[in-house]
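What follows are structure tokens for two forms of the same protein chain, given separately as structure 1 and structure 2.
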Structure 1
């Protein structure tokens, strides 16, 4: 029997006792608390667990025994109770896709603090499962690329291209690709306080990093090897998710 905390039951599936309450022709009026509407689920997506397990991070999802240590320790759950790794892992393993899709826009918010992975008694690596699930949702077209994925792509693209990163370039690229104004009031304030005591020499050095991009010498061969590997993996993931047949 899965754990179904009351907060997970949708309001439309709840019957709360009032003056008079009749369920299935039986009068249950009185000082009851709550009844859960019975329902039948038929549309299980049996491939979902396999597909998520085929993406990096999702490998160990089958080990989960639903203890809930992940959700209990979760940083994001503490500020948004809808963020519930234990429940999502349950839905994925059961194949309850529609239910999972209700939360499709928040799965990516995992901050990778690894508290779940630390607490998990079954080495499920829930942090990895969250990343794999977020990627699955994007690859399957259920959600647009999250800001986090855009950031990861810009960052990793720069590392693969040059071996190093330069923060200013990544910041500007990210704000541009996500259509955000760079000079928001708090950014202006941050810059103002940053340069308050900084000597001119350091400012110039930081400016120069923009012109002379930091890079690892002789990176060309590593770059080629990494790009080849990335393409290889992308093809593998598309195949595992059945995305190579445009007719689908």
Structure 2
């Protein structure tokens, strides 16, 4: 699985001569002896691919043959060339953990547009691999929980607890846990439009739901089943990653 793009060579690995050189009146200093510094990788983590494959979304990473269709179709790559799913899949399969960790702060930027998944000729499901990789980074303690993970926890926690979705409570909980102020401009505008366009009776019921926190009738058994399933899945994922203690 060769990687040839010049853009994937780390800047610090490009070495140029500091001598001055002028040829036919043209200053070519620093370019005539540019070379790529050789490196020796000693930190191969052969378990990394298996660990990511054990997480939801990463199951088919082994199918990748490095055609580049995912990166070529990627919405985020068009804006940020450093966001490169194909390269990260290559690093994962090669076990080059330190190289992957250098990009740990941008892996989570995947917007789940699924263009990569539609373009992939091998059904690798690159979007799923990006999510599994971001999850792996969090579980291994390499990154803090992303905002999307926090939102997922708040959303699923409310559904499991009550069997209902109360948008206001979800929004408040998300802002509180991510350190954001509630009265943001777009939130104020959203409330104004709701007041103008939503019937008063419905607004009152929505307000009461935020205060009383109603539950779906007979939800107890369903809640217990969901909680058991979530616990089993979390335990399975942590066992696959060799983590003995619950996530913080």
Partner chain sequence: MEQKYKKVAYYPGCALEGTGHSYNRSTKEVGKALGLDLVEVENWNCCGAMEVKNIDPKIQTYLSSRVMSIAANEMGFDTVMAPCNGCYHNLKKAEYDLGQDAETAEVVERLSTKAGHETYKAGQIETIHALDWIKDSLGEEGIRQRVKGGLKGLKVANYYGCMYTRPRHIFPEKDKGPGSESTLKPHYMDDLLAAAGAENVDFPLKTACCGGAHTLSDSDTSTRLVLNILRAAEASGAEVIATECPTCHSGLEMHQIRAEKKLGEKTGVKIVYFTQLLGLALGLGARQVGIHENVSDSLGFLKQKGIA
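All of these numbers come straight from a predicted model, not from anything done at the bench. By rigid core we mean the largest C-alpha set that fits within 1.5 Å across both forms. Residue numbers count along the first chain shown, from 1.
Only structure 2 comes from the form predicted on its own. Fitting the two forms on the rigid core leaves the C-alpha of residue 185 displaced by at least 2 angstroms between structures 1 and 2. After superposing the rigid core, the Cα of residue 162 is displaced by 2 Å or more between structures 1 and 2.
Annotation for residue 218: C-alpha shift of 2 angstroms or more between structures 1 and 2, rigid core superposed.
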